[in-house]
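Starting off, we have a lone chain in the form predicted alone, written out as structure tokens.
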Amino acid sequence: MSQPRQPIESGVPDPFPEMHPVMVKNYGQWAWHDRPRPGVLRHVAKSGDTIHTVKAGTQRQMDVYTVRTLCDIADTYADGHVRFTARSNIEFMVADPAKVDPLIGALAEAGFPVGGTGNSVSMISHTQGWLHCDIPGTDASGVVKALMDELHQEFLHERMPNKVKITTSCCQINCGGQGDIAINVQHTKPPRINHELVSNMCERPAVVARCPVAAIRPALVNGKPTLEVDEKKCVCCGACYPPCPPMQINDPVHTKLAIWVGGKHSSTRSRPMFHKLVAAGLPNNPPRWPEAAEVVKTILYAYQADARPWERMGEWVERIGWPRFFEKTGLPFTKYHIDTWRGARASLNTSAQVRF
């Protein structure tokens, strides 16, 4: 008898050993699905078997106590079968319909809201911020906490024209990705260089290579090897800071937040879209970021009031036009909102739908 292939540390893992038995039994044989209530999906197989998926929101950064609490709930109501989504929701797979309502009650009692399905505001995806990232200009997870406190009811209910994906990013490299609404940090000044420390702390070729716009070059200051920045080229992204902390760019005055609108990863109904800048220079004002939260709510509720059913935010803006968008939201329009950059016209021709 041949020996089974040994596992390797690459490739896609086999999902079946960890999959719910009802899902394994009916794999590829599902007949239909619906949403009995916000936060709950019901899938019905051709065999008549059903499985309910209950989605609850969690904080992105979880301590051991929180994880154990969620696992205890899963053991009691879902036979231990849970999974986390890309936006840090937790989904419980329940084969017994009688356990759905008790599960929702247990989650509510433990402080985990059930929702995020259908035409609602999903949990916000974000980068690591001050906890893990090495170049954050703000705490993305803190912005998420503040925003979801403000938008909690829109997670619990499905009353948006379509799903709304919100992202945050703690630097201008934008690991948060494209979103209907995105909150990104905005450095407004080039890095300040401590030339006394560069030669001892920085591998200068690595710093030069890290700059996406070739704005950094070697230099000598007071006889010591260091670096200098061409401020005409610098886009203030902060990428030089991790390999060289003496190139400090975070600043309590000149590091701001910017709001972007209309991004979309999927090709459902319309092509993928890049989000566009609509508000800049907002105070990076922890711990609640009230100015950024107010702009996000203004955009969200203008979209809710005016968009047609099933229009994503970018589709709504394309239909009414950007001048009308700024009228409806009351946001100021400046020369910095005019997109004149054409450098990606060739490199972004990478799908059947993104064409120039």
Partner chain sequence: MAQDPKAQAPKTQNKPRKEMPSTPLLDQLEDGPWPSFVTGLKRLATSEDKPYADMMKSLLGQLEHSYQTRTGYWKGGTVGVFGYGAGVIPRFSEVADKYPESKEFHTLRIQPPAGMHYRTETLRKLCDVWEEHGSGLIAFHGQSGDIMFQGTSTEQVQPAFDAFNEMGFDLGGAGAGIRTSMSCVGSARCEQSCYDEQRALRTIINGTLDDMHRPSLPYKFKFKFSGCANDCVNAIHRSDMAIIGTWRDDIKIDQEGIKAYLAQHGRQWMIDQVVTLCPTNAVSLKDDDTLTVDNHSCVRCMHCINVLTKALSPGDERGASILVGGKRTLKIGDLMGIMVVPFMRLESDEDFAALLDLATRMVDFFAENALDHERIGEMIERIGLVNFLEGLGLEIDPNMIAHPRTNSYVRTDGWEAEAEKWTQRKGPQAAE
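Since we're looking at a predicted model, the values are computed, not measured. What we label the rigid core is the largest C-alpha set whose atoms superpose within 1.5 Å from one form to the other. Positions refer to the first chain, counted from 1.
Heads up, the form predicted in complex with its partner chain isn't pictured, but that's what we're talking about next.
Considering non-hydrogen atoms and a 4.5 Å limit, does its partner chain approach F326 in the predicted bound form? Looking in the predicted bound form, residue contacts with its partner chain do not include F326, since no heavy atom lies within 4.5 Å.
Classify H187 as contacting or not contacting its partner chain in the predicted bound form by the rule of any non-hydrogen atom within 4.5 angstroms, answering yes or no. No - in the predicted bound form, heavy atoms of H187 and its partner chain never come within 4.5 Å of each other.
Would you check, heavy atoms only and a 4.5 Å threshold, whether Y303 touches its partner chain in the predicted bound form? Answer no; every heavy atom of Y303 is more than 4.5 Å from its partner chain in the predicted bound form.
Contact between M123 and its partner chain in the predicted bound form at 4.5 Å, heavy atoms? Yes, M123 sits close enough to its partner chain in the predicted bound form that at least one of its heavy atoms falls within 4.5 Å.
Quick check on this chain: which one of H195, K233, H152, R159 has a heavy atom within 4.5 Å of its partner chain in the predicted bound form? Partner contact (heavy atom, 4.5 Å) among the options: H152.
If you look in the predicted bound form, which residues in 58-78 sit within 4.5 Å of its partner chain (heavy atoms)? T58, Q59, R60, Q61, M62, D63, V64, Y65, T66, V67, R68, C71, D72, A74, D75 sit within 4.5 Å of the partner.
Quick one: once the rigid core is lined up, does I104 have its C-alpha move by 2 Å or more between this form and the one not shown? Comparing the forms between this form and the one not shown, which are aligned on their rigid core, I104 does not shift its C-alpha by 2 Å or more.
By the 2 angstroms cut-off, has the C-alpha of I216 moved between this form and the one not shown once the rigid core is superposed? Yes, I216 moves 2 Å or more.
After a rigid core superposition, would you say the CA of R204 moves by 2 angstroms or more between this form and the one not shown, or not? Yes, shifts by 2 Å or more.
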